[in-house]
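Read the single chain below, which is given as structure tokens and is the form predicted on its own.
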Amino acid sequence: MKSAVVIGAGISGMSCAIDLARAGVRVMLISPFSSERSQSVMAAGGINAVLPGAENENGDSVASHMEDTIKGGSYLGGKKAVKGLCENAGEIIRYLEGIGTVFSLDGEGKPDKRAFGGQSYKRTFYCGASTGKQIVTAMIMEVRRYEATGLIDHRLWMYFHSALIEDSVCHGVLLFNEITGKLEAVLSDAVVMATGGQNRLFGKTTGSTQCDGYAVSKLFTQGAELKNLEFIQYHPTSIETTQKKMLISEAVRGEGGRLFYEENGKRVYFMEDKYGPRGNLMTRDVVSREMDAAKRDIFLDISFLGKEEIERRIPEVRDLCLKYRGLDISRESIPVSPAVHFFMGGLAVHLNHETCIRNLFAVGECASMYHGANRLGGNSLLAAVYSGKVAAKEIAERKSENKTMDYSTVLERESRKLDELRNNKSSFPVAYMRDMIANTMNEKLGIVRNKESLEKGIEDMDYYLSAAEKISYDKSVLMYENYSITGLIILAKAIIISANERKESRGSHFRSDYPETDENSAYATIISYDEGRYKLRQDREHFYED
């Protein structure tokens, strides 16, 4: 029987695992924690789709969804990829309903839709303000059905350590078992990465720090190419807590929420003043830059909706503001600020979600595919489900190559490195180094960037790399956090290098020293790694094919 290892048990990983199991492929699903703790549960606003017949209801169409997605991504989204995503969106909504996702209904008892930024029509299906949580819950039940049959083996407290690669072919993975403290080798016909973005690099973001980018970085050093790392989405509306930035869902603005600041005792609705009635629903990069440029405290008002409608439409946002800021949003405005939210860049993949390493796939946020230079709200959940299905179909239909790899030497070498780390008594604690990385990333890769700050960021990362060998083993944190830190620095440097090399402003990447978009020179940034050297190229054709 064909086998696959899926690293990550959020929506994209579970989507892939379920479809693989359905096709008769034996799946080992790997995650450090249960799916209930995945970042996917934080996805609040909704999932985009145009159902068959929608053209007769409001004029929307699959073609319009495609156009909005490509335009919103500043024309860097692969046209074939976006076409597949949008054409299959209606079927995905029906699939999610079929496995138990409970969407909010309109007055006629049909799944309701709300407006989201950068979109021409209301096409975002939702489950209150907890859409991700509802989808995760439904998928968990599907995974458990296949666990009962033996087709899915979900193993917890396991971390990806590295891939088993020989002659540019992936044969399996090395996993770190946090309970035993040992590495374990698993051979398989395919490996699927579903590890999310790189939130940990920035410290406090709207996402989960479980998504740290280590897996992507390790594969980068093992020969996988990365794409468009410079495109980092700042969500315009978050509130800060002691632990993280809490997302104020775009659903609030979709329900009519208005951004403003106060000047001379009066409210200034700056987005509406500049962009008209739909100004609050401009794409996230535009709204974030306008908020940053205002240089004032920004507020979001939804109180006019009334207590009853707030309770019905966005109860989760109401609860969040009450719990973390003591705000009653039916009477008070929400103080908001932009925060790192989504990473459009990641592992470079083909249409079938395979990387440049054969039998190694990437899905969800860790793969750079559909979103170009900026993601539309509501497209992330769609891409998570769809990408998992695409990779599963390719793996299930591919003939088994029946190749094996003698991994004993690799296992012995990597195990020895972990033992050496445990005995390291140097003076740099891991937590200190993580904080330093986050400080640099937030300072140098903000909403607005320039050559001076980016080059200083590269210098900082070079210093951190030189100090990485002196990091002391910290028993107070997981072993994984000790051994992964160097990989985080390598990835952070790759992101800053990519941002420094793109000398234009496009989508979420805004350079004050290069404020214009080169309309005649759209390209993807591809970066590779060779024994400490970072190599970049501009891909002007391939990304259009994808």
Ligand SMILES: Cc1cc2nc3c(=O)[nH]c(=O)nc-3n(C[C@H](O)[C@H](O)[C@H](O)COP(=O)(O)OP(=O)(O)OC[C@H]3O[C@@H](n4cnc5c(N)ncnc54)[C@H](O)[C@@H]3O)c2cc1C
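Counting begins at 1, following the sequence as shown. Here the structure is a predicted model, which is why all the values come from computation and not from measurement.
Keep in mind that the form predicted together with the ligand is not shown, yet the notes after this line are about it.
With respect to the ligand in the predicted bound form, the three residues 12, 158 and 210 uniformly fall within 4.5 angstroms at the level of their nearest heavy atom. The contact residue chosen from 345, 388, 72, 196 relative to the ligand in the predicted bound form is 196, the criterion being a non-hydrogen atom within 4.5 angstroms. For the options 42, 499, 50, 66, the residue carrying a heavy atom within 4.5 angstroms of the ligand in the predicted bound form is 42. From the list 454 to 462, 105 to 113, 200 to 208, 331 to 339, the contact stretch for the ligand in the predicted bound form under a 4.5 Å heavy atom rule is 200 to 208.
Although the partner is absent here, residue 480 lies within 4.5 Å of the ligand in the predicted bound form, judged by heavy atoms. Interface membership of residue 381, defined by any non-hydrogen atom within 4.5 Å of the ligand in the predicted bound form, is confirmed. Although the partner is absent from this view, residue 507 stays clear of the ligand in the predicted bound form, with no non-hydrogen atom inside 4.5 angstroms. The shortest heavy atom separation between residue 247 and the ligand in the predicted bound form is within 4.5 Å. Taking the ligand as it sits in the predicted bound form, the stretch 501 to 524 never comes within 4.5 angstroms of it through any non-hydrogen atom.
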